[in-house]
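Just the one chain here, the form predicted on its own, laid out as C-alpha cells.
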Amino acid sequence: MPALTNADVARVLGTLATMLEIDGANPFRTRAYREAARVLDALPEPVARLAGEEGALEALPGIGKDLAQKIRDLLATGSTGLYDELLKKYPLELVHLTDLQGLGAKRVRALYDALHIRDRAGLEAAAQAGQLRELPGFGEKLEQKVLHSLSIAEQVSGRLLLAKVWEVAHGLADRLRAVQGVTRVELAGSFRRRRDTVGDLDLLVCGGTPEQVMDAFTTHDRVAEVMARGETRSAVRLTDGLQVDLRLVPGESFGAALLYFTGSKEHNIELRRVANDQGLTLNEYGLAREADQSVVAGRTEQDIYRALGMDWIPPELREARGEIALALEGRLPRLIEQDDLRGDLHMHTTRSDGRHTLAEMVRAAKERGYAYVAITEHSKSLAMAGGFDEARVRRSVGEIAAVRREVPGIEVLHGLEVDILADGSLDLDDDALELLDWVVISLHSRLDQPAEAATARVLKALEHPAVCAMGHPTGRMIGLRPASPFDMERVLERAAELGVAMEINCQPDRMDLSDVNARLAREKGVTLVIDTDAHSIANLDYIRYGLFVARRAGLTKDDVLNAWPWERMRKMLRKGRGGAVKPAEPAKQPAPSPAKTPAKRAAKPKSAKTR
C-alpha cells in the first residue's frame, strides 16, 4: 500500500466530513473532521512520524483519541471502518457533487433521495430534463447554475491540479535518478510548461539499464496499474488516476526528445516550420538536414534552438503566442525567478481563518528571506472566517506594532483583504481603511452577477483611494467555479489609470489571474503582484504556483510589485496608497483620467505609516 502523505490523510478526513454531512450527522462532529483535515494539511512534519509517538497525535489541536485512532488506521490500512461504512451508502461520485457551485451536502442528499442521482452524468441528465427545478429549495435559477457548473467541471475532466501532481512527479523523478547508471531525468509535457492542470505525465530518462530503470518506475509505491512495459517505454496509472509514461532515450537525442515531449503541440508545429524553411527536419530524434538526413543537433534543447538561429525558449512560454518570433529576434524577456521576490502581500493568521499566529507567519516569511510582508485578514462580511469589523481593525494596529518589535529584520505592513460588496462599495468605512498600509479588495460573493453589473461593481471598487491591489480578481476555482463575468479589458484599463495592482493568487485551485489575463494586464500597463494568500506556514510554499503563472504570462521582475526592494516600496507607501502602485515603465499605459490623477487620489487618504 502506498505510504500516505499529510495531504492524503487530510483529503480522506475532509471526505469523511462531507459524507457525515450528507448523512445528517451532528454538525459538531462533521466540523471536527473538517478541522482535523485542516490541521493535518498545514502540519509541517509528516503525520506518519507523529502516529508512531505515543500521545503525539492527540496533542494536535482538535484531535482527540477517536480521531487519532482513525488517523492511525488510515496510515496502517488506507481506510477506516467509518469510511468504509459510509462509502457503501454514498459513493465518491455522489460526494464529489458537493464540489459544484450551488450544491451543498443537504442539496446533494435531496438529489440522492428524490431522484436517485449518484454521479455527474445523472445530475446533468436530470438538470437537462428540468427535474431539479421541481424539488423544494432548488428552482430554475439553481438548475441553470448547476448546468453551468457541470460545463466548467467538464473543461478539466480527467486533469489534475498542478499542485496535486507536484509531489509524486518529483518523487518519481528522484527515484529514477537514484538508479545506477542514470545520467539524466526530466519531467516533460504540460507539467514542464507549468499549466495549472495536468492530464498526464511524461518522464524522459537517459542512462542505466532498461531492466533497472523500468523496475524502479513500475514498482513505485504510487503505481496502481502497470499498463505497458518495454525496453524503451513503459506506462503506469497512479493511485490518483494519473497516467505516467516513461521513455528511455539515448544521450545523442535527449534534447530533441525533451523538446518534442514538452510541447506544446502548437509550438512544435511552428518550430518545425522554422526548420523546414531552413532545409532542416525536426522530430523527437533530432534536427537534421533534409538533403542527407545528417544530424545537426539533438543532444540538448539549447543546441537545437541555436542551430535554428534563435534563443532557447523557457518551457513556460512554449504555447505559440509569439515566443518563436521573439526568440528569432533575440528579444525574449528575462522571466521572473523566485529569488526576485522580496515579499508576500497577502496572508492570513489565526486572527481570522489562518492556522498560525501573527508572529509565526511573520517569522516564517523572514526565514524565507523576504524583506517585507502584508498581513491581510478578512473583513467583516466573511464572519465565519473571523472577518474584521472597524473596531477589530483599530485593535489590530497595536498587534501589528507588537509583532514588528517581536520579529525585527522584516517590514510588516498592516493590511486587510476587504470584500467588494454587491454594489461595489467596500466592506469597511473610510476611517478604518485609513489605518491600513495595504488594502487588497476581493470578490467572495455574488460571483454570478450579470456581466454588466459585475463590471460596474468592480470598477466602482477600484475607484476607492485606499485600494492598493485586487486579490484573486476573477474569483475562479479551477474546475469548480467559473470566473466572474466582468469585462476584463475595461477593468484592467481602469486599474492602470488608477495605479491599482492586480494579484496573481498562488492558491493551487485559483492561480488567478490566469496566465492569459496576467499577460493582458501587463499589456494594459497594470503592475502585477504575486501573493500566496497563505492560511498556514506550509502555504507559503505555494509561491511557486503564482510564479509559474507569471512566467507563462511572460512577466519580468520589473512587472511585479513584490519584486521591488523595500526602499522603493517605502517610497510608494509614503506617496499614499491610491495611484502609487504604477510600474516604472508601463507597457502601453493609457493616459490618466484628468478627473482622477494619481496625485489627486493620493491626497484623499492619510499617508500610510512607514517605519
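So that there is no doubt, residue numbering starts at 1 and follows the sequence shown. These figures come from a predicted structure and were not determined experimentally.
Beyond what is shown, the protein has a form predicted in complex with a small molecule; the following relates to that form.
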{"item": "Segment assignment from 401-409, 267-275, 443-451, 89-97: heavy atom within 4.5 Å of the small molecule in the predicted bound form", "value": "267-275"}
{"item": "Selected contact from L248, L498, L358, V198, since only one has a non-hydrogen atom within 4.5 angstroms of the small molecule in the predicted bound form", "value": "V198"}
{"item": "Selected contact from G475, G189, G343, G479, since only one has a non-hydrogen atom within 4.5 angstroms of the small molecule in the predicted bound form", "value": "G189"}
{"item": "Partner contact for D202 in the predicted bound form: the small molecule, 4.5 angstroms, heavy atom", "value": "yes"}
{"item": "is_contact(R159, the small molecule) in the predicted bound form, heavy atom dist at most 4.5 Å", "value": "yes"}
{"item": "In the predicted bound form, G263 touching the small molecule (heavy atom, 4.5 Å)", "value": "yes"}
{"item": "Partner proximity in the predicted bound form: R193 to the small molecule, non-hydrogen atom cutoff 4.5 Å", "value": "yes"}
